[in-house]
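Included below are structure tokens for two forms of one protein chain, each presented in isolation as structure 1 and structure 2.
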Structure 1
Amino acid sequence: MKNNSMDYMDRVHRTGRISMIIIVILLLMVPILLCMQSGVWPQGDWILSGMLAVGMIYLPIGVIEVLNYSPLIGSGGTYLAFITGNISNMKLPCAVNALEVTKTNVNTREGEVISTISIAVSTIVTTVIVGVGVLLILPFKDFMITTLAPISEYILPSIFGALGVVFISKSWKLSIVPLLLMTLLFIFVIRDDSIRAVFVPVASLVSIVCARLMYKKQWV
């Protein structure tokens, strides 16, 4: 059974790497083809300014997110989630919920498989919904925005209120420091909402250090 499991992990990494390479090539083809078709290539200083504004923040975040999220969703889930995106607001809570409902641990081979199934299903559902959204955008754009926009900014608290209570009730000691620290930081220091992604790894690191100390002292 162990060999079978190892074979499965080999296949997951091979498929994941091939899929990633295909997606990266396809993605790079988009700006290349756009420039070739229009005959207009962007000025170097524009790209540089854009990369300084966006890349300086998101290039390191991309790596840190893999380090931070892959222990939570396993190998198959990580490849799929990083191909399709929308991780913290969809793929990760989806997999965590599936693991919770099926009472499996991601550190087991069952958990690895459950997480991958969950993220694959989530990817298919989201892609179909966004596709339908595109078809509806042209005729019903105003209706969609006026009807659904009032709730769209509250989706995140609606997910994490429910998931938070499940995990805090199980491991409340581990939740105190990160929750208190981040609440105080968001009240007194951090004013810009859009850079939340920068602080997730910081909070996770603090949380890990606290968990390690509690573990050493046998408080958890």
Structure 2
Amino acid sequence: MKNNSMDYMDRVHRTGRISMIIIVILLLMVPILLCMQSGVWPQGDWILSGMLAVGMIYLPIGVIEVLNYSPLIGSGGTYLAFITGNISNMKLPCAVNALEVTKTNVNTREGEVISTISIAVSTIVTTVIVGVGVLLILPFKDFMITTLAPISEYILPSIFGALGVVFISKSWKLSIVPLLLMTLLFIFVIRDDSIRAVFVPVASLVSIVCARLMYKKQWV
């Protein structure tokens, strides 16, 4: 049984790495083909300045997201989710809900399989629904923009709120310090939306340290 589990994980990592390499190449080919077609290429200093401005925020976030999401969705789910995107508002809630319904843990072989299947199904369903939805709402696009646009900013907070209730209800004591800290930061410190993502590592580190201390003190 152990050998079969290792063989499965070996295949997951091998397939995931190959898929990630292919996706990165395909993504890079889009701007390269556009430059080849137009005959216009960006200058090196433009690329460097753009990468520095964006990379200072999103490179650390990319690393932190892998560390944050991987324990929740497993290895196979991590590869698939980061290839297809929409992790926080689609793939992560779907995987967590599937694990909750089946009463399995992600750090087991069954949990790995369930998480990967749920994310794969979510990807397929999302692609089909988005495609059909785009075709159906084209005649009503003006109505959608003027009437429903104000609602869109509440969709992601509502998803995270529902997801937060699931985790907080499991061990509410662990959430007290991180919740209070981030609430105070958002009220008194974080004024600009562009820097909100920078505080993701801060919240993660505080949560880990507090959880470790509370477990040592046997408060949870």
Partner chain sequence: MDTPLLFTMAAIIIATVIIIAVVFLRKALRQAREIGLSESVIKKTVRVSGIFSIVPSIPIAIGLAAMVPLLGVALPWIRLSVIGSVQYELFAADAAASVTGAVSAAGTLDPAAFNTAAWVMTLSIISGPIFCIFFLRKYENGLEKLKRKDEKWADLLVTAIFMGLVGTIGGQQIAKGGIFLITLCVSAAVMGVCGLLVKKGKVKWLEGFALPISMIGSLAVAFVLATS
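Worth saying up front: this structure is predicted, and the values here are computed from it rather than measured. Rigid core (definition): largest C-alpha set, two forms, superposition within 1.5 Å. Structure 1's sequence is the ruler for residue numbers, which start at 1.
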In this pair the form predicted in complex with the partner chain turns out to be structure 1
C-alpha of W46 off by 2 Å or more between structure 1 and structure 2 on rigid core: yes
If the core is used for the superposition, what shift in Å does the C-alpha of V130 show between structure 1 and structure 2? 3.1
